[in-house]
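Read the single chain below, which is given as structure tokens and is the form predicted alone.
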């Protein structure tokens, strides 16, 4: 086991960080508050090969893994401009299609996902079921060779910039009559498919939506992979989701910590930089320790996933997501505290991160559900539900 990144990974990290700094937090916030999108950054990242670094080379990707893709997202986040749709489009949707899609589906979607010319959203969460795949009410029924999809989804990111959405629905098992999960790719212009924005207290150019599927007719090849392996395919996409969410959160934590450290080094009271006082230096040092631990677990989860250990990656990815969300929330809060009144001003750009950092404790999976997972799977404790 080596704790030193390869030269290729280091070069990718350096290049992604440079790209992020050329745009920065000011660009990110300006796009968010003006109702715009990070289109220029997304397109440039695609042209440079960063968005598809995890996808197969034969479809225009970099042939690397989630470890490399999460490195890009972490560095963009550390520069103040995290691209949320990287979690969704190349990481979840790209991974699922690359692993389970037909040759035709790979040819149709992967090149565009790799270079950023196509974007795919992901829809699992429902108003009543949350993300419980066993309780979803969005269903697909066969009608001749077609599928007909009906249902509703909520808190779906980026549908306004997406060309299609991968929907987690359920189909009827012909043998048992019970419903089982299945994945479908739905073009955003499909008749019967509508969406509505959700007002959020987030400073982010990536917006949230409710989706409505009213008898949406889909061709047979809209089904991804096997109708009987939907749950397996779903979890193959959710592990990368958690790893990428962890990378995004650690990037945010780094950005907030850097701002706090820079400020307390320069801000002087009674002729002494306030960073010399343990009331500020110790909390920042603690965050640095927790941040490096979260990064290490994120890298472990990515390594296990890219090595083909889905079970080990599942446990590590959930732990990484938990640790990253906690330190991201604490880092932003401590940055505000370290800057005092300036931490609440628009000029210093710290308070605007509070809601987004706090969101990491809730999405894409809550800290409580991660604790349930660890209690039941790592510790062997009985289920509470």
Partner chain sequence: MNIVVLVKQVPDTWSERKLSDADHTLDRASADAVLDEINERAVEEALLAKEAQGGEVTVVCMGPERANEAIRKALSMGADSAVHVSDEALHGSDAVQTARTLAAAIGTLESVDLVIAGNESTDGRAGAVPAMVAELLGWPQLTYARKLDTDGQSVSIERESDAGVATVEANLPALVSVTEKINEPRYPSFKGIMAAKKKPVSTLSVADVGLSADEVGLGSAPTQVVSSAPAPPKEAGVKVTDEGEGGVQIVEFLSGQKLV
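Positions refer to the first chain, counted from 1. As the structure is a computational prediction, the values presented were derived from the model and not from experiment.
If you look for the form predicted in complex with the partner chain, you will not find it shown, but the lines that follow are about it.
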### Message
Just to confirm the contact call: exactly one of 331-339, 318-326, 346-354, 63-71 touches the partner chain in the model of the complex at a 4.5 Å heavy atom cutoff, so which is it?
### Response
63-71
### Query
Do residue 53 and the partner chain share at least one heavy atom pair within 4.5 Å in the model of the complex?
yes
### Message
Can you tell me whether residue 374 touches the partner chain? I mean in the model of the complex, with a 4.5 angstroms heavy atom cut-off.
### Response
no
### Task
Check whether residue 12 has any heavy atom within 4.5 Å of a heavy atom of the partner chain in the model of the complex, and answer yes or no.
yes
### Message
residue 369 versus the partner chain, in the model of the complex: is there a non-hydrogen atom within 4.5 Å?
### Response
no
### Query
For the stretch 14-37, which residues lie within 4.5 Å of the partner chain in the model of the complex by non-hydrogen atom distance?
15, 18, 19, 22
